[in-house]
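The chain below stands alone and is given in structure tokens; this is the form predicted alone.
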Amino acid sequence: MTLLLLENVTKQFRGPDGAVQPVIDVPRFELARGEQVALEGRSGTGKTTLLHLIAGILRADGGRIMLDGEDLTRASEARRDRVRAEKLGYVFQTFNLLQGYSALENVMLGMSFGRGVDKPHAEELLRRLGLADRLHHRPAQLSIGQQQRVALARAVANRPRLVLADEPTGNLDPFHANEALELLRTLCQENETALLLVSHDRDVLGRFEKRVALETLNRASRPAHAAAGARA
């Protein structure tokens, strides 16, 4: 059953010189419930913008983004915020942890915007991720790998329908990158959560059975399209 459907989704931005630059032009993309897909994308292919559109952080200029049967392109900003809190998990490349809060508090704060805080569940997630002795440590007291694990726990804590991951292993060494990726995939599988990950790392991409090149998916990222947009 389809969880996420994109149809004729477009997004453009206006540059400092006033020229309009198409950034996203996706004719169609589908993601099934519980499916795990990797999008391969180099810099400039619109990967972060695409994820922000799916998450409702940005509004598309045209087309439809259907998530769990709801059209986010027609939803108000308040509704998109609610959908994001209840149905989405997001793993950022830079983690985006709140520095003044402990590992446990960061996970619980994320839960507070969704279905409600479940402290035992948050603690169990962090323990499973090897952070039993770091529950009350702040990000500055954690290694990069440990911070990434906190970010993973926060993303799946609300048992979302879909997790979006933007270069989630980009700041990790190969060992910790592999470990973090396997943990994320396992947690998603256990909750039947779909995973949409974007990366340029061949090792990361090679672990997914289904891979899609963003340059193929997003027509705006193709050189000829970009040139035409610049001339318009």
Partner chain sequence: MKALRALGSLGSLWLIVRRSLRQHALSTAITVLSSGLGAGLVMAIFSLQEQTQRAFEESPVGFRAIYGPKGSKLQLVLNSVFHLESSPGNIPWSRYVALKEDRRRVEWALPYLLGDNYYGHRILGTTVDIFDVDFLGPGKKLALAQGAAFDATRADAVIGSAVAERRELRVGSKFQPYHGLAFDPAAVHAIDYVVTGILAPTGSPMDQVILIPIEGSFRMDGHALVGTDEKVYQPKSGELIPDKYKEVSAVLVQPRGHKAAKELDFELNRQDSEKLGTFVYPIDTIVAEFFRKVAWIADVLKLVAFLVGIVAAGTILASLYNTMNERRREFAILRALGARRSTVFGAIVLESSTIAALGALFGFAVYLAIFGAAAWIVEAQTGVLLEILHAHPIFVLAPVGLIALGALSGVVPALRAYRTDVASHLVPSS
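None of these values were measured; they are calculated from a predicted model. Numbering follows the first chain given and starts at 1.
Although it is not shown, the form predicted in complex with the partner chain is what the next lines describe.
Flag this candidate site as yes only if 44, 113 and 154 all have a heavy atom within 4.5 Å of the partner chain in the predicted bound form; otherwise mark no. Yes, because 44, 113 and 154 each have a heavy atom that approaches the partner chain to within 4.5 Å in the predicted bound form.
Which residue among 71, 81, 124, 118 has a heavy atom within 4.5 angstroms of the partner chain in the predicted bound form? Exactly one listed residue reaches within 4.5 Å, namely 81.
Determine which one of 55 to 63, 172 to 180, 26 to 34, 187 to 195 lies within 4.5 Å of the partner chain in the predicted bound form, judging by heavy atom distances; exactly one does. Stretch 55 to 63 is the one.
Taking 4.5 angstroms as the cut-off for heavy atoms, does residue 75 touch the partner chain in the predicted bound form? It does not: once the partner chain is placed as it appears in the predicted bound form, residue 75 has no heavy atom within 4.5 Å of it.
is_contact(residue 94, the partner chain) in the predicted bound form, heavy atom dist at most 4.5 Å: So residue 94 counts as contacting the partner chain.
Contact with the partner chain in the predicted bound form for residue 135, defined as at least one heavy atom pair within 4.5 Å: yes or no? Flag for residue 135 set to no.
Answer with yes or no whether residue 140 is in contact with the partner chain in the predicted bound form, where contact means some heavy atom within 4.5 Å. The answer is no: residue 140 has no heavy atom within 4.5 Å of the partner chain.
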